[in-house]
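As a starting point, one isolated chain is supplied in structure tokens, in the form predicted alone.
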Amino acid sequence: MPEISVKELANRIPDGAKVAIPPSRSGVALAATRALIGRKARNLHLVAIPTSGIQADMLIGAGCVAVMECAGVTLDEHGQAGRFVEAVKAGSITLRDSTCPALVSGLQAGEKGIPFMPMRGLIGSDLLKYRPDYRVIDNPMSDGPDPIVLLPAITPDIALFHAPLADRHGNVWIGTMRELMTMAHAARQTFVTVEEITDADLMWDELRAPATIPALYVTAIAQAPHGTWPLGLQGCHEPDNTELARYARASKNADDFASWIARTANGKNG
């Protein structure tokens, strides 16, 4: 598989696309996120699997997002995601609230190619008032009343994430970040930035093969060392908590946010 640049990878994500993104602990493609902001992406429908943090907040603050579907957007120990909170209050984005199990279940339905996934945990919650696409039916397998919720399949246009390693064949090793495998299976296209590209075939590596996404599910790969900065990446580098704290402060108002985006436009090596 030919390697492309991070800029080209971002340019392949069209305006209006439904983009699945992972939680802050699991391979967040922040170099690609900066490239999306740089090209002024618009009207994205972000689907957090199942939560997001600085990635969603950056894209929302830069005006790239129309719909945010998630179980939450926070900066973890650094507090609230300021641009997300402001956008929700102002009504400048559509928030499709959900839960962690519901989002993962919907993605699993997309992975399996089925139209919905049944789930019980939402019964009795207010979410059913605000998510008309979550439908309650009687369990057809039951002899008596037995309500169950049907969750529509989530089939993203694009899964976007960062991984430690890929090979020249297009296989991507994700380590313990198993949600990335489900995202790649469910999405129509999968765009991955990676720390490193190896000449070895990962599918022939007995230790790495079980945690490797086959090239069949990968559309494009771009090398981006420290591509999750200021977030960390398991086994590669720790989060930059000083910079994350700076972002948390900057996210509280639009001018400081814009200054932070400009200052960090080139990532860790900027």
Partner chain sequence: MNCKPQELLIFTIARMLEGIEHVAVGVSSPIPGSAALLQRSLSGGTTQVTVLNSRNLQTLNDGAGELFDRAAQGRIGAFFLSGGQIDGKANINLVGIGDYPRHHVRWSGSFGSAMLYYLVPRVILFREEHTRRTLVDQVDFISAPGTSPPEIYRPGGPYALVTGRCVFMFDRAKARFVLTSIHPGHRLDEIRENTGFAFDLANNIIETPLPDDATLTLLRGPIAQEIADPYPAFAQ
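Numbering follows the first chain given and starts at 1. Since the model is a prediction, treat every value here as computed from it, not as a measurement.
Missing here is the form predicted together with its partner chain; even so, the following discussion is about that form.
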Problem set entry | Contact test, all of Gly16, Asn43 and Ala62, partner its partner chain in the predicted bound form, heavy atom 4.5 Å | no
Exercise. Within a 4.5 Å heavy atom cut-off, is Ala209 in contact with its partner chain in the predicted bound form?
Worked result: yes
Exercise. Quick one: is Arg246 in contact with its partner chain in the predicted bound form, heavy atoms, 4.5 Å cut-off?
Worked result: no
For this session: Answer yes if any heavy atom of Ala166 is within 4.5 Å of a heavy atom of its partner chain in the predicted bound form; otherwise answer no.
Result: no
For this session: Using a 4.5 Å heavy atom cut-off, state whether Met203 contacts its partner chain in the predicted bound form.
Result: yes
Exercise. What residues of 96 to 113, in sequence order, lie within 4.5 Å of its partner chain in the predicted bound form by heavy atom?
Worked result: Asp97, Ser98, Thr99, Cys100, Pro101, Val104, Gly110, Glu111, Lys112, Gly113
